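A single chain comes next, written as structure tokens; it is the form predicted on its own.
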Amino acid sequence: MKRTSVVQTFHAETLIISSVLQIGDSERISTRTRALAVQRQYELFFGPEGEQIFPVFAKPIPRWTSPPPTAARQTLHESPVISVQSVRVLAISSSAIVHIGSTSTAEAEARMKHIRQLAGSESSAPTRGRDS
């Protein structure tokens, strides 16, 4: 049974980086974020840098190898309307989903690598180093 979504007030400060705000039904929602953030005390580069050198971006996402367990349920929709008076969201980021309605499939993937390269306390010169 398809239903109508009615939202009186929706207030969101920030929706960024592959986030989805969906009011109403959908068949499929899919979001994907890949982010590399590097903070350096000194501007020093060691050649090619980017997603391809960090395993976090190349590892396959584990998938269900068998169907997920099912539970018996009975649903009664007394009204053909999903009615929401007010929603307030501060921030939605990095493949997050806010959905008022129904969907068959929702997939979200966020892969991030944060690196800080700071000079040691004994030496003021930057050193080469990468974490994996």
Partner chain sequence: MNYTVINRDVHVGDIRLTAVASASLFLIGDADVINLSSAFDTPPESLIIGPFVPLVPARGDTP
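So that the term is clear: the rigid core is the largest set of C-alpha atoms that superpose within 1.5 Å between two forms. Positions refer to the first chain, counted from 1. In this text, all values refer to a predicted model and were calculated from it rather than measured experimentally.
Keep in mind that the form predicted in complex with its partner chain is not shown, yet the notes after this line are about it.
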Open item on the list: Can you tell me whether residue 119 touches its partner chain? I mean in the predicted complex, with a 4.5 angstroms heavy atom cut-off.
Closed with: yes
- [ ] May I ask you to state whether residue 23 is within 4.5 Å of its partner chain in the predicted complex, using heavy atom distances?
- [x] no
Open item on the list: Within 4.5 Å of its partner chain in the predicted complex, counting any non-hydrogen atom, which residues from 86-113 show up?
Closed with: 86, 87, 88, 89, 90, 91, 92, 93, 94, 95, 96, 97, 98, 99, 100, 101, 102, 103, 104, 105, 106, 107, 108, 109, 110, 111, 112, 113
- [ ] Spell out whether the Cα of residue 69 moves at least 2 Å between the shown form and the other one when the two forms are superposed on their rigid core.
- [x] yes
Open item on the list: My question is whether residue 14 is one of the residues whose C-alpha shifts by 2 Å or more between the shown form and the other one, given a fit on the rigid core.
Closed with: no
- [ ] Over in the other structure, so in the predicted complex, do residue 65 and residue 104 pull closer or drift farther apart at the C-alpha level? The difference is 3 angstroms or more.
- [x] closer
TODO: Indicate closer or farther: the Cα atoms of residue 65 and residue 30, in the predicted complex, relative to the displayed form, with a change of 3 Å or more.
DONE: closer
